[in-house]
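Presented below, as structure tokens, is a lone chain in the form predicted on its own.
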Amino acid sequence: MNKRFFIAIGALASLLVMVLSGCGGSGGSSGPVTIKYWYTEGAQEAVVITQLISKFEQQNPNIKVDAQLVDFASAHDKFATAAQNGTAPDVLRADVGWNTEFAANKYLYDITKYVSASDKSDYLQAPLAYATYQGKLYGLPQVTDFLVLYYNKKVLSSAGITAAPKTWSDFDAANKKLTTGGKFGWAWEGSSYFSQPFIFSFGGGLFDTSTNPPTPIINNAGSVAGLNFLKQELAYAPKIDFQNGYTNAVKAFQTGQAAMLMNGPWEYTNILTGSAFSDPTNLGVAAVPMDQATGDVARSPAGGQNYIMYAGTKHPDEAYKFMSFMSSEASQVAIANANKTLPTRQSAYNDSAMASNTAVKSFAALLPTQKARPVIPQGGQIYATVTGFDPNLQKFLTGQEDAQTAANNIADGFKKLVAGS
């Protein structure tokens, strides 16, 4: 062999070392890729989440998850600030109301290419609507929720009421029978969010999203009729302290002071700790009543949480793999059984592991009443003080404004919201 041969071999070896040392991109070849995940569940709810993360890491040894608990109340602003600074986590568990806002601000990664048609069709319609912006997917639904009518079976039965009210006429009749001797037919939370079933059921709404910009319809005839009916029925509920309305309403129902309550699945376990439900079978779950004129329309505002990916992630494939695992049928079933939350996949409700989950089965039967709130970039701010929704609702309920005036004022606030004012 001549000298030129050895020179060529040496050059080739040097080149190979350079190539190998440069392989692996941002993740490198010497170790697993690490993705950062912010989760927002409470301490008790987080137990199953951390268990699922460990399972994911076992199944995917080349992906490590740096999971950090972030307080839900501060998560929105914290993520927005981090996205602006280029330091956001790869994946966030986000309220559904934030999805379109973050997508419109270009904080989110478009995951449309990752999601198969069959996978997409397995998600419930309302949760999937929140994850969609301008025809593209920017999130995977994790859990969903909506308002139901909780009722005290024994109290209703003692008053000669054999079933939960199906219509508002039934609801009114039941309230009149149940309100006596310091007891009330129902308790109400006293906020704009909880006024929506009345607005929706009478044919009203918040926005017409088919127009650009969206047109407020909070002041149409149906919305006003719903608000007037709500005020009428408050004669059969404890007086509302607007500062503590939510807590007081739940307590009134737990203790038997009120026979009915409109609230969500998230409150189910807590309600059962009340003295009125020492026997868990005494707690009834039914659909929010409907207006006889409009019929059985979707009327219960849908909420929930999505998994979303930061637009600036360096590891989109790994981040999506983690999102997909956490939003899978098996993971949703595990979370539902541990936390009594509602899955967003249709297949999860048919999973054999859910057979004994009577709470989730009760809510599942009522999913057709679920109505997505307006899917607009400003969706997360609909109930903020800036719109005047709560202040004007309170003025109406306390007699300072009539329903039409209050609704018109809220509509003006909505117009300013979508106009960016």
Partner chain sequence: MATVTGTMMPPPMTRVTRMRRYLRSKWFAYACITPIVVATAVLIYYPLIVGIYYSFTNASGTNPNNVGIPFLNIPSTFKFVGLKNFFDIFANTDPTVDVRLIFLQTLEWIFFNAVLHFSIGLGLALLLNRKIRFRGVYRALLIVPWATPQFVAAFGWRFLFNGDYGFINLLLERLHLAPIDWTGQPSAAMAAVIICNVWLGIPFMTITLLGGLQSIPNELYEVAELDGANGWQRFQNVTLPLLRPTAVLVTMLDVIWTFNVFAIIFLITGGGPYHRSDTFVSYAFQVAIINQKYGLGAAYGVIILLILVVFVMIYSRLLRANEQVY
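Predicted, not measured: the structure shown is a model, and the values here were computed from it. Whichever C-alpha set is largest while still superposing within 1.5 Å between the two forms counts as the rigid core. Positions refer to the first chain, counted from 1.
The same protein also exists as the form predicted in complex with the partner chain; that form is not shown, yet it is the one meant from here on.
- Here is the short version: of 385, 62, 58, 352, the single residue with a heavy atom within 4.5 Å of the partner chain in the model of the complex is 385.
- In terms of contact with the partner chain in the model of the complex, the residue from 215, 158, 346, 244 that brings a heavy atom within 4.5 Å is 244.
- In the model of the complex, at least one heavy atom of residue 310 sits within 4.5 Å of the partner chain.
- When contacts are judged by a 4.5 Å heavy atom cut-off, residue 412 counts as touching the partner chain in the model of the complex.
- When contacts are judged by a 4.5 Å heavy atom cut-off, residue 357 does not count as touching the partner chain in the model of the complex.
- The partner chain in the model of the complex comes within 4.5 Å of no heavy atom belonging to residue 129.
- From the list 81 to 89, 328 to 336, 199 to 207, 224 to 232, the contact stretch for the partner chain in the model of the complex under a 4.5 Å heavy atom rule is 81 to 89.
- The three marked residues, 101, 239 and 395, each reach the partner chain in the model of the complex, with a heavy atom inside 4.5 Å.
- In the model of the complex, the residues of 106 to 138 lying within 4.5 Å of the partner chain by at least one heavy atom are, in order, 106, 107.
- Relative to the superposed core, residue 74 shifts its CA atom by 2 Å or more between this form and the one not shown.
- After superposing the rigid core, the C-alpha of residue 313 moves by 2 Å or more between this form and the one not shown.
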